[in-house]
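Take a look at this single chain in structure tokens; it is the form predicted alone.
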């Protein structure tokens, strides 16, 4: 049993293979958080400290107004809680805030019961971790404030073998309450530690430089990351790590919190005056005022939680398996990705059908497997100022039908893919001229354009159904195996002509539900298509999108040196097989940097692999090198799709080189890559120690034919003798021999 309940103490214990999560309903019905960390046996409730502390209020049930029998040691402002509420006396950040129609806010939840269920729960209209019935259990804990007419069900999914616990909350307006209930905040998860001395690791940046790790030592006060863009955003990722202050790649306790949501979010860690730490994560609550009629429910997105006592590396391994096995779905789950050429940086909007066919013929000669026609194939679309929403092929521009173009591409031996941007509309489009009210903008007011486009109101079913019908007609008209789904602006003028309640937070949440509804229908209708998510590159790179699109374009920045940091940060939660990366031309279009072709390929090989360049512009030597690269990718992509990643040397400031390795689950194969960041005269003898090998097995190094023991490679290391030249690169492939070391 992964879920245990001690009725005598009303203690819940959730056990995974290596971790324990505990909570307790106390004598007053408060649901207290006790422990989350490395696996323990028995109760941790002895850690609770009940003390009378000044300026920390006491709930009314702790004593009467006459002062006799009053328990001043019970305070929700000092006790660790499972789902703290605003208005309950807890002055720290809370997980839930509600109001009634008169503006009266607050509630005080008390334990009412629970149920243990087989299998993993799901969430209506939202992505959620999935598991086979035998691989998970569900705990539902019911809380209520009968006076305020508020009911809450806390959902816990326990995937014991995966060392993952998931959390979500369902907020209900009681059926017999008077008037609507309004939700102003509803977090997915709250975890309290009865101590401080923790760091946070977050993944920050901007457009073209996403998910760069930043570490913050927590002091008294609150540290918050958030997005208010209507998307998870380029600036901060909905993933946060809390860790011991001395935690590193291979040591220390670490906790990872991954939100399965693609809209505005908030995650914060707070150290209170008593030096206790609270973490809260959920949807963004700015301007949230979500109405619930009596009997209606609001579901929060899901938060997946994972813990390691052996540093960031083990945490990463568990999160990677979670994403690959329990978040990504469908026919592409666990499958290596096709090697493709994409037309964007090769031609931008300047192409015809014959341009695409020639590109396909040359890509096929190099050994590629797919040709993708990016933006510019539909409507009146010769630049980014027009055409979005008019999802029909521009046969005049292409010089042929889409079906004919697809046939020609397949005739070269390649598969064929397309780019779409379903959530957006151009003012210069037939769709906008017919339905201007379908765009999000406030009537009679000036509005904001971004990339010369507006956002379609996906809160409205008729809008997303029309876009679905138009795109389905395109996909039905030709043989298409891949679709890149882009989204190139944030939400700003949040207004819906189809809604009477113009509350920004409410509409943003409904918009995200509309996007998920659209993606669910699209992926269900075309299960064989490989869908790749994109939002100006990495602007919606999150676990929620991975539930629908089994890979996401990592960043619009394809500079290999910049990608070292972007992909390094991404790797803490997101595995290589879901991370889109391509080799692009040099000088790079975004940075102007020139990097050796070998290095560009090695960096892209640590994610999904393709080319973002025109094969017609390649020299004979470059074409030969690309043929060898493609052969290598075909050899190693199964390893990358199923591997265990080891970050050997991070690409940090002043590091002379960076290195990483992919090791197969059975520890029989290892591909190590190193890139020189700072070439120096008379440089030291660089070497790197490998990780994850079998110490008692021999390994053959393919390039030089030498045999080493796993223990030697992990203790003595590998000399990087040939690592030289500006942004030079080496790759070393090791394969276990059959002999065990005596």
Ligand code: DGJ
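Positions refer to the first chain, counted from 1. Note that the coordinates shown come from a computational prediction; the quantities given were computed from them, not determined experimentally.
Just so you know, the form predicted together with this ligand exists too; it's not on screen, but the next bit is about it.
- Checked against this ligand in the model of the complex, the residues 481, 369, 375, 559 give one hit for a heavy atom within 4.5 Å, which is 375.
- Exactly one listed residue, out of 429, 406, 94, 488, brings a non-hydrogen atom to within 4.5 Å of this ligand in the model of the complex: 488.
- Stretch-level contact check against this ligand in the model of the complex with heavy atoms at 4.5 Å: of 78-86, 647-655, 633-641, 535-543, the positive one is 535-543.
- Among heavy atoms of residue 611, none comes within 4.5 Å of this ligand in the model of the complex.
- For residue 553, a non-hydrogen atom is located within 4.5 Å of this ligand in the model of the complex, even though that partner is not displayed.
- Contact annotation for residue 335: none of its heavy atoms lies within 4.5 Å of this ligand in the model of the complex.
- Residue contact with this ligand in the model of the complex: residue 451 places a heavy atom within 4.5 Å of it.
- Although this ligand is not shown here, in the model of the complex the stretch 411-426 places heavy atoms of just one residue, 419, within 4.5 Å of it.
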